[in-house]
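A single chain, nothing else alongside it, follows as C-alpha cells in the form predicted on its own.
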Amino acid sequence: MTATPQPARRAARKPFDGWRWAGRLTILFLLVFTVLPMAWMVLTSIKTQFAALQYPPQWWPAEPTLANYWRLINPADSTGREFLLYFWNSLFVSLTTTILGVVVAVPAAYAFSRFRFPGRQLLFFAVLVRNMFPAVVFLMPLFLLMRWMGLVNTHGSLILTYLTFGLPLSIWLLKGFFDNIPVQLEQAARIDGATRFQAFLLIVMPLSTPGIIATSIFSFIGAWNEYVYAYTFLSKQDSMTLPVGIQRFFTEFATDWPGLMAATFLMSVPVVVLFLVLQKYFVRALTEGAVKH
C-alpha cells in the first residue's frame, strides 16, 4: 500500500500589520533626514568653490579634490593655522570640562545615592531644576558674572559655564548607576577591613565604569558643540573655539562652502572616534541603566 501524496498547504497569509509598517517608514524617514545632510556635507567638502555653487547642484563632483582638507591641516597656510588653533582650544575646553565634571559629579552622585541627610530630596531636585530652563536664560547673568571675575575672553569662563550645565545631568545619570550597585557589596568589603573610601574605590568605581564613561561622553559632546556661550564670551581670535571659529568661512562678499563643509567634517571626527572607541561601554551603560538589579 503506497501513501497518496498530499498537496502542499498554502502558506497562511499574515494579516497586514500597520504598526510595523508605520515603524519602518518612520525609521526610513529619520535615516533620510539624518544621513542626507551628512552625505551632502562630505560631498561638498571635496568640491571646488565653482562646483559647489553650480545650479542645478551636482551630487558627485566631476573633479573631487582634497585640497580643502589640506588647507585646514596645513600649518603653513593661514587658514590652517587658525583652524588648528580653534581645534586645540575646543579640545582643551572640552577635555577640561569633562575631567572636572566627572571629578565633581562622582562623589556628589555617590552622596545622593548612599547617604540620607536632611533636605536630600530638595537638594537633588534643586540640582535638576537648573536643566529645566533654556540655556539662553542664564546668558546675561553669567556674562556679567564672568566679566566681574575678569574671565571674559578666557577659556575659564567657558569651562565654568559648561560645568554649570553638565554637572546636574552628570549627577543625575551617575546616581542612577550607583543606586543599581548593591550596598551589600560595600558592606562585605567593610567587614573584611576596608574603609568606606576603599570600598568605594575598589568596589563601586569598577562596577560603575560604564556609567562614568557614558557620562563623560555626554559632557564632552555638550562642551565640544556649544556655540551660544562661546560666541558671547569669546571675542578674541586666539581664544575662539571651533563652533565660533568656523564662522570665518562666512565673509561679507562670499561663503567658502567647501572649506566650511571640510571644517565641519573635521570637527565631527573627534566625537565620532570617541563614540566608536567607547561604544561598548556606552551600550553597556545604557543597558545596565535600564535594568534594576
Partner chain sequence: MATDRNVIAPAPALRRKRGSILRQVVEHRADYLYVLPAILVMLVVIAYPIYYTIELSFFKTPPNLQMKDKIFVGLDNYAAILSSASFRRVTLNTLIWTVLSTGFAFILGLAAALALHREFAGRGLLRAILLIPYVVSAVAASYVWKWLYHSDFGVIGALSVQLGITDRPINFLDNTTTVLPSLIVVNVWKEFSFAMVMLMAGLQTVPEQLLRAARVDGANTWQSFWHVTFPHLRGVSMVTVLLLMVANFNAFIIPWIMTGGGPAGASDIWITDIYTIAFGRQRYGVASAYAVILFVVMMVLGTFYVKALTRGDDGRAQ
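Numbering follows the first chain given and starts at 1. The structure presented is a predicted model; accordingly, all values stated were derived computationally and were not measured.
From this point on, the text means the form predicted together with its partner chain, which you will not see here.
Which of these stretches, 104-112, 205-213, 80-88, 67-75, has heavy atoms within 4.5 Å of its partner chain in the model of the complex?
That would be 104-112.
Looking in the model of the complex, any heavy atom of residue 127 within 4.5 Å of its partner chain?
Heavy-atom contact with its partner chain at 4.5 Å: present for residue 127.
Taking its partner chain as it sits in the model of the complex, is residue 240 near enough to touch it, meaning that at least one heavy atom pair lies within 4.5 angstroms?
Looking in the model of the complex, residue contacts with its partner chain do not include residue 240, since no heavy atom lies within 4.5 Å.
Is there any non-hydrogen atom of residue 152 lying within 4.5 Å of its partner chain in the model of the complex?
So residue 152 does not count as contacting its partner chain.
Heavy atoms within 4.5 Å of its partner chain in the model of the complex: does residue 133 have any?
So residue 133 counts as contacting its partner chain.
Of 191-220, which residues get within 4.5 Å of its partner chain in the model of the complex if you count heavy atoms?
Stretch hits, in order: 196, 197, 200.
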